[in-house]
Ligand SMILES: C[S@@+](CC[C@H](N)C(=O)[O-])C[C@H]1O[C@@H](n2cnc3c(N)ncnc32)[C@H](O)[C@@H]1O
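Heads up, the chain below is alone and in the form predicted alone; it's given as structure tokens.
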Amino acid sequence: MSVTDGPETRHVRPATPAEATDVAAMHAANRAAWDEAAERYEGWLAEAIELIRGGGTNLFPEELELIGDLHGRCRRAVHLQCAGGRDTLSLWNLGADEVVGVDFSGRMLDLAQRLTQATGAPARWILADVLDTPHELDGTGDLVYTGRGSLLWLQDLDAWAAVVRRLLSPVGRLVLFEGHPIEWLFDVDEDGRWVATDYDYFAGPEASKGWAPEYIDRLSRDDADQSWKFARAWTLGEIVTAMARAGLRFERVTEHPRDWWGGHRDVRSDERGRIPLSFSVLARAQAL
């Protein structure tokens, strides 16, 4: 099951050939959809404030192991596709001197700013498509972080990887924790056993309205009245190749059974751990 194709989502179709070649238009559609989805994040703001004020983190153990203690070793952490800022400020709680979040949803960044005001975090929020991340940040990221459902909304991986490369400081690290593209190929039957879906691993972008309930939950407006959005399950090969082509040097690429968005809670306990549902990357910029 994908995050765009839950049982409550009936409006799903392949992107048309014209849509699939227009990256800017697909990203603009996604921006509108995420502005709508911010409605759910607004409901989570009080919880986020409590978490960050308490010194907590919203990151998974796999991410924490890769990121480590940032105290004294991270002047700036840059979080690409930061949404409402809860994960971004988790990096501050891990010891980053300053955090910068980049996202294309103004409504999401309004929430991030409210979170900053409530916690006093040294955070800066930049409204931009990740592919247009300002060059003033080039070479300043001792940590560049992105994770959990970010890459599938991008329609140009080469451009994204080039942004990551230029943001990294000479000692900077990229930490990526993301859903594994193979999870789109599996769901569970009524007995909680893994079964194959009819998803095409190499299909390219798909358009959808509505959200899987485990991912965003239902919005106040009907699915049919929501904006079209475009997701793409980039293959693991495409992701790694784009990063290598941009000049990133891999230190670790690891696959995990972690159900990163809770879309497979109904899997039997003896079936868990058999399929990679997420993966992580630790990489640095190669010397020019």
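The shown structure was predicted, so the numbers you read here are calculated from the model rather than taken from an experiment. Residue numbers here begin at 1 and follow the sequence given.
Separately, the form predicted in complex with the ligand exists; it is not shown, and the next lines address it.
- The ligand in the predicted bound form comes within 4.5 Å of no heavy atom belonging to residue 60.
- Although the partner is absent here, residue 153 is a contact residue: one of its heavy atoms lies within 4.5 angstroms of the ligand in the predicted bound form.
- In the predicted bound form, the ligand lies within 4.5 Å of some heavy atom of residue 41.
- Within this chain, residue 130 lines the site of the ligand in the predicted bound form, having a heavy atom no more than 4.5 Å away.
- Just one of 121, 83, 185, 94 comes within 4.5 Å of the ligand in the predicted bound form, counting any heavy atom, and that one is 83.
- Residues with any non-hydrogen atom within 4.5 angstroms of the ligand in the predicted bound form fall in just one of 162 to 170, 98 to 106, 111 to 119, 200 to 208: 98 to 106.
- Residues are counted as partner-facing when one of their heavy atoms sits within 4.5 Å of the ligand in the predicted bound form; in 130 to 150 these are 130, 147, 148, 149, 150, in sequence order.
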